[in-house]
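What follows is a single chain, given as structure tokens, in the form predicted alone.
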Amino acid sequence: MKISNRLKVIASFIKDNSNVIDVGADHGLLEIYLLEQNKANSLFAVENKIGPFTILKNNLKDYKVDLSLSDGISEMPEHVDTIVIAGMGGILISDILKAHKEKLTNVKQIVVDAHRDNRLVRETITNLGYYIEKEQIVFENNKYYFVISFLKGHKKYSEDELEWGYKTNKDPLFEDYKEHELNTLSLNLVKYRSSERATKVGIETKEAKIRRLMNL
């Protein structure tokens, strides 16, 4: 079946024979793809609103996927060892995992695709007892996404790695992302300088962030 490149990258990160929960499964395209690729041992798809859940249920009616109308990982079965959370903001992803961190005991891998606040995601999940296995930048719909795989374990990261990713400066798309991000940070700095809330410390902090990124 035809799916987005972003979903293909997410699927490629998932270990073979995993027991997967997909939080915010949307239309169930990832589930169908994983089944067609014989990638997952079992699948558990979650939506928290009745409208999207009804669509999900209809799309997956002919597939062997367990479904749940619930929040986050609150109803996650104990046998699940892989969590996928994609297509939402980093704050929400972090809140979902922290709200039921007792459920993470048997979880070996967490794959995320946050639409914003990737630093927060990296900080939250590493603080929950995981390390960054790998990341990949995906450019889709005129936006850069970071697909990140975390595995159980511990590792310390630099400020740059938390901010812009673990070894992402070796990614083929990093230079394009870097140029885009520098433009965004520079524009934000110009706006901040002219705002009433601008402070010397604030300006220096933003300038330092730009210099750090330029040096990557």
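Residue numbers run from 1 along the displayed sequence. Since the structure is predicted, the reported quantities are computational estimates derived from the model, not experimental observations.
Form predicted together with a small molecule: not shown, discussed below.
Peer 1: Test of understanding: in the model of the complex, would R6 fall inside 4.5 Å of the small molecule by heavy atoms?
Peer 2: Heavy-atom contact with the small molecule at 4.5 Å: present for R6.
Peer 1: Verify the contact flag for V46: yes if a non-hydrogen atom of it lies within 4.5 Å of a non-hydrogen atom of the small molecule in the model of the complex, no if not.
Peer 2: Looking in the model of the complex, residue contacts with the small molecule include V46, since a heavy atom lies within 4.5 Å.
Peer 1: Quick check on S70: any heavy atom within 4.5 Å of the small molecule in the model of the complex?
Peer 2: S70 belongs to the contact set for the small molecule.
Peer 1: Answer yes if any heavy atom of L92 is within 4.5 Å of a heavy atom of the small molecule in the model of the complex; otherwise answer no.
Peer 2: Answer yes; at least one heavy atom of L92 falls within 4.5 Å of the small molecule in the model of the complex.
Peer 1: Quick one: of I125, V111, V80, I96, which gets a non-hydrogen atom within 4.5 angstroms of the small molecule in the model of the complex?
Peer 2: By the 4.5 Å criterion, the partner-contacting residue is I96.
Peer 1: Looking at M76, L104, I137, M88, which is the one with a non-hydrogen atom within 4.5 Å of the small molecule in the model of the complex?
Peer 2: Partner contact (heavy atom, 4.5 Å) among the options: M88.
Peer 1: Using a 4.5 Å heavy atom cut-off, indicate which stretch of 155-163, 49-57, 180-188, 33-41 touches the small molecule in the model of the complex.
Peer 2: Answer to the contact question: 49-57.
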